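The chain that follows stands alone, in the form predicted alone, written as C-alpha cells.
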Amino acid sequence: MRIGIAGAGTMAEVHAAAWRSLGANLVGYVSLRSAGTDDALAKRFELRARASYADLLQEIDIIDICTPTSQHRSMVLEAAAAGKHVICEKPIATTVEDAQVMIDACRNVRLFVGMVVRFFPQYRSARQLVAAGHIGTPGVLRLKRVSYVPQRAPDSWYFDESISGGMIVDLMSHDIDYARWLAGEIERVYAVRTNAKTGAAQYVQAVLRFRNGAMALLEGGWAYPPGIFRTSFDLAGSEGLIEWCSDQPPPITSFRSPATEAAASVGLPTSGLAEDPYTSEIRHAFECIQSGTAFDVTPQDALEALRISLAVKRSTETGQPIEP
C-alpha cells in the first residue's frame, strides 16, 4: 500500500521515520507551509513534495495527517471522499462536532487516531496488569505529563487555541485517554490552571471522577526549560500499586535554561527502546488496515478523549465542576 504524509513539521518527521523503519512505500508528502520554506522532511527522507493535497491523494492508499489540529476535519473528509484510509495525529479535532463528522465520513474507509501513549511499553504493561486484577479494584490514578513551552513563541500555532485546542487538548488528552482506558467512563471533572492566559507557561491540575467510583488526579503543563519532558503514573487499587516515572535515577539533577542543545518545536516523550512507540503505533495501524482487524484505539476513543479534555478546559475557565 502506498503512503502519503500531510504536513512537514515535527510530527511529520516522526511519522516519516516510522514508515521508513517499517520499509513501507512512502511515496511523498504535501507541505502546508508558505512557498519557499525549507522542508527538512524532503532532505532527510528524500521525499518529493506534491503540489497539492488533492494531487497526493491521487497517488496513495493511506494518508497520514500530521497537520495542525484545526485542519484535521477538512483533510479527513477529503481523504474519505477519495476512498483513502486515514491515520490522523491526535487530537482528532478541536470540537466534538467536528470529530463526529470525521468519524461519520469514514464509514467506508479506516480511521486511526494516534493516541501514542497507549503504545508506550510502560503504560501498556501497567494497563495489562490493571486489567488482569493485579491491583484489585482501581481507586486513585495519578498521572503527570509536563513538557517545556513549545518553541518559536509567540508565533507557534500551539498557542492559538482555535488551531491547537490549547495545552489541555493537545497535551493532557494523552493521560485523559489513558485514564479512561484504565478505569472506564468519566462522569465529572474539576480543574484549575495556574495561568489563564494562552501562549504562556501554564500548569493544570484536574480531578476526574469515574462512573465506577474511581478517581484520577492529573497534572499537565508547559512549564519546564527547553528540552525537558517528564511523565509519570501512580496507579493505586484495593490490592496493590503500580508506579513509574521518567525521571533519571540520580537523587539530584540540574538543568540550565536555555538548554545547550536546540529543542524540538514541541515536546516529545521518549522511551529508550529499540523501537520507539511512534513506530509501534504506525506498525499497528498499518497492519490493522492491511488485515482488516480492529484498532486498539477506536475513533470513538479519540472523540471521548477530546470530549473530556474540553470539559477540563471549561472547568478551568468557569471554576466549576463539569459533567461531560
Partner chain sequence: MTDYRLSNHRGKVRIGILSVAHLHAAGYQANLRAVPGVELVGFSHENREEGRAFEQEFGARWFSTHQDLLAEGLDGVIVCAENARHHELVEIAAAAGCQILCEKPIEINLSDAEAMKTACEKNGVSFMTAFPMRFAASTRAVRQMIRNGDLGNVLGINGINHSENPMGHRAWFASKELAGGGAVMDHTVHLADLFRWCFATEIVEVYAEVDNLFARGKIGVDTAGLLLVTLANGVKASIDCSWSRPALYPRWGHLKMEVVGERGTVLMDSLAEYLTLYSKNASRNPSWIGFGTDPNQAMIQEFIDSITQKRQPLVGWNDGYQALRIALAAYESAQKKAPVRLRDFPGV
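The structure presented is a predicted model; accordingly, all values stated were derived computationally and were not measured. Positions refer to the first chain, counted from 1.
Unshown form predicted in complex with the partner chain; subsequent notes refer to it.
Residues 127, 171 and 184 are none of them found to lie within 4.5 Å of the partner chain in the predicted complex, as judged by heavy atom distances.
Screening 117, 206, 99, 86 for any heavy atom within 4.5 Å of the partner chain in the predicted complex leaves a single hit, 206.
With the partner omitted from this view, the residue of 194, 74, 162, 156 that lies near the partner chain in the predicted complex is 194 [heavy atom within 4.5 Å]. Only one segment in the set 101-109, 88-96, 219-227, 74-82 has any non-hydrogen atom within 4.5 angstroms of the partner chain in the predicted complex, and it is 219-227. Residue contact with the partner chain in the predicted complex: residue 121 places no heavy atom within 4.5 Å of it. Within 4.5 Å of any heavy atom of the partner chain in the predicted complex lies no heavy atom of residue 148. Using a 4.5 Å cutoff between non-hydrogen atoms, residue 140 counts as a contact of the partner chain in the predicted complex. The partner chain in the predicted complex comes within 4.5 Å of no heavy atom belonging to residue 131. Residues of 291-324 lying near the partner chain in the predicted complex, listed in sequence order, are 319, 320, 321, the criterion being any heavy atom within 4.5 Å.
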